[in-house]
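Both blocks below hold the same protein chain, though in two forms, and each is given as structure tokens: structure 1 and structure 2.
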Structure 1
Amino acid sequence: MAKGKHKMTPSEKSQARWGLAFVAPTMIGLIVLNFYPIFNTIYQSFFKTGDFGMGNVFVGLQNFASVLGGNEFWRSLGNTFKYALIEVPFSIIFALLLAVFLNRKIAFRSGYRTIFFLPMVAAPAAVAMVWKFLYNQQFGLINNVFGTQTAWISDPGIAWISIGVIGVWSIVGYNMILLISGLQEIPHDYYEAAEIDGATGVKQFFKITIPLLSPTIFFILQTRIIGALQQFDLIYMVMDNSNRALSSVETVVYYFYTQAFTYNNRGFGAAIVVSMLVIIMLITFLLQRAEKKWVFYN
């Protein structure tokens, strides 16, 4: 890199010119659309939004005090973790099974793959509407088929699991695709050698597949945890305002959305989302430290 120590050659000069010109649209866009907004959100979190968006009043840390001092933020954060606790492990375990099965020579392999991946191209709004109907206590398919009367989405004790199931259903095919490409990178000789040594399929799975797949598994784990912590669509679409289980499944982003856009409490909403940012950054940091410890790299 030229750091002014020597005069740039014509070729270096032209690279610098073209390079800057080529990154300019993206960089300007990112500054306007993302970096200014980060600072602006932080700035707004110190203000109380005035009526009709006029006359914001500086309130210092008061928004943070009421976000972090109130119940709703911590409850919705807890709900978000509860959602992640269903979605992340189950979608990965099922995806792992499916990936191992579909990585063999098996009939209809691509047909199965097509089906499992299908939810990825459906709009979450549509998916959530259908599941809401399936879960309906009176007319829902699930209660009809099993002859039950369960209040799948309005019983606070169950609703979080029901929402989590939709999450698993939506994402399992995606995780499966990533795991299949991870599996395909494992050299075949490892299994052949294990076969000669008399290792069974199950043993091979735990001694070869899992360790060699651990970077892929960890990558999915990391991105899915961060993704699950931002869950909004399912809650918004499945839970009516009048649903008595709402407070037991409401996530942080849902709480943010209602405060910032339903009640137009932007300063308060900004404080929620800044608090969430700090928590997500902290989790990202912890996950990256965990990666060094647990993941097996060749």
Structure 2
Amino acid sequence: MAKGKHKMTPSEKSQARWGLAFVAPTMIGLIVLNFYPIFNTIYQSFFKTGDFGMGNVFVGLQNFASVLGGNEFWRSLGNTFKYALIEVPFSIIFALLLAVFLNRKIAFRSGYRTIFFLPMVAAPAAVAMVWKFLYNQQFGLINNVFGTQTAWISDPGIAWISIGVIGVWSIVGYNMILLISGLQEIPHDYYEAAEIDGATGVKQFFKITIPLLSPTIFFILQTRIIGALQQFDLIYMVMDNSNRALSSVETVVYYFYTQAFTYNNRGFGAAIVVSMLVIIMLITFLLQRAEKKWVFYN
């Protein structure tokens, strides 16, 4: 005999209503702030923006053909990858070294952790002002200390490196905190057994710490690649429009901002964003495939 559907009691109905009420703000926020802009951007990418945002004209794949067929998109994409090649690996390496050092029992350990994490909570505008002063060719602290006249952010040959250094400095504290939490999950018994077997500290680091920390390292790697490929605010605040090195550090998101909000070509800008979204999705897919080979789950 088939059982009938379970009827909810008044208490269960009340709990369900309260549960729905608690998750409703999050669901509404996701729809309004995430899902709707995504689908609207994809929709706008097939149109040519009309005057004052009205009277859009459907152009099909013309915007994508213009984006992918132009040199500026590929140049900005190359700049984006150059920035990521500096920020991602160096921020992880420095953060890992700091995490290992600050995971030990040393004096003022909490203070050191706070100092290294401070750039993460500092206002981006304040960070940009400080680094612009440090990089200033005539009055900057770096040139005064080393007795040089290097144009750190106006020389096209080194400006992208200078921007990358700021990116590493800004994010290394956040990566460090995540790695410290991962280190604290590794049982100390493994290290004691390794010491009994005669393993040195360096060998323990590469044979125990790195493999057991690989899930955290991979998470940071994946999120930082995505974050680096979306870099905008740092370049926008550090580089002036008149800076001759701007073209050597202009990222895809900065290129989108210029096209969409400076030239008011929203459809073309939407096509840039959708193209970058596809690239990020492809990179994420490849990283997920590589996770099985790179990540060790104990």
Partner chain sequence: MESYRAKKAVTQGLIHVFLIIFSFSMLVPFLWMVLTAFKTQAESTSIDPFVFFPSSWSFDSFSTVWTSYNFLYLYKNTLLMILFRVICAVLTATMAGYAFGRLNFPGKNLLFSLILIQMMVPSQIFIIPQYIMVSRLGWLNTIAGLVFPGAVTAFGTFLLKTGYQGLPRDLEEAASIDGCNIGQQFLVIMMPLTRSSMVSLGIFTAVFAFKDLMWPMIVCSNASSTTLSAGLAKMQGQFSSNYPQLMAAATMASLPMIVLYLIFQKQFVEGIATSGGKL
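Take the two forms, superpose them, and find the largest set of C-alpha atoms that agree within 1.5 Å; that set is the rigid core. Computed from a predicted structure; not experimentally measured. Sequence positions of structure 1, starting at 1, serve as the residue numbers.
- Of the two forms shown, structure 2 is the one predicted on its own, while structure 1 is not.
- The rotation of the smaller rigid part against the larger one between structure 1 and structure 2 comes to 14 degrees.
- Overlaying the rigid core between structure 1 and structure 2 leaves the Cα of residue 17 displaced by 5.5 angstrom.
- Superposing the rigid core and comparing between structure 1 and structure 2 gives a CA shift of 3.7 Å at residue 32.
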